[in-house]
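Here you get one chain, nothing else, as structure tokens; it is the form predicted alone.
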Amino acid sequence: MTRIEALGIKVTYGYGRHAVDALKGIDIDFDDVRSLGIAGESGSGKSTLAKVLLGMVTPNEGRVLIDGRPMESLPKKGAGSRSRQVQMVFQDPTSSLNPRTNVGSTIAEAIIVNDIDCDRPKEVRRLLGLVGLDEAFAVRYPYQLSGGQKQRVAIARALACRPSVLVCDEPTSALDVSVQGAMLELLAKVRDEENLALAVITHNLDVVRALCDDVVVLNAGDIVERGSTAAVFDNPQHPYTRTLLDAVPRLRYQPFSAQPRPLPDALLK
């Protein structure tokens, strides 16, 4: 698997006294990490880090290395291109799909643009099957799909580029609760079958717990805690991490009682 490293990443928005440090020297190595959760509240720097990994934002300091080579030195197309190595599954699948292009053409376009050498119709059918869709979906358009089906198409399109790292931005936030669990299972499946790493950007710590082996916690552009998901969740060391975990809503079980409760005196008057 290709090694992706982000070393000393610093990103500043604005100038002078209005400058804001979105990232303050972030280091991440995907060499041994199969699924990494990048957690934090809004404004913590999660999305900026994703854009740096994708090459959409050039850091003020630091660099991204792909197999030891700076990302900017790699070609934009071809087998070793920067665009192929890291792919994004966006938060809102509806806005990330072209409403005038059917599913099969959407996936095939990613194959063509990245010069993937394969039997395109066969590869499109394989990818649809991988994400749990029948090949009949190839002729459908986004308006004919449910939210979960659109997300599956977005994942298939990203996988068509044969990436080493799949960046998932809030992968369940735009989906109904009824399909969120199935989407997490799908991401775990494609991670294992396609031999890639996942970077899951989310404020939902339950998603991190269910899907990620390791986690980094961002706060105001700094990594305040990192480690295995189990260790960080069971014994958080930083106050900010403890605050995030305490904010996760939990259902409180109240045993059912067949005995009717007495009405308040005020209602009996």
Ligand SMILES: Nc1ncnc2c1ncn2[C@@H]1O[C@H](COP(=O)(O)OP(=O)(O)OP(=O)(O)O)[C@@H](O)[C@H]1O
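Quick caveat: nothing in here was measured; it's all calculated off a predicted structure. Position 1 is the first residue in the sequence shown; the rest follow in order.
Same protein, other form: the form predicted in complex with the named molecule, not shown, and the subject of what follows.
- Screening T48, N219, S35, T229 for any heavy atom within 4.5 Å of the named molecule in the predicted complex leaves a single hit, T48.
- Residue-level contacts in the predicted complex: of E41, E61, D27, D67, one residue has a heavy atom within 4.5 Å of the named molecule, and it is E41.
- Not displayed here, the named molecule is approached by A22 to within 4.5 Å at the level of heavy atoms in the predicted complex.
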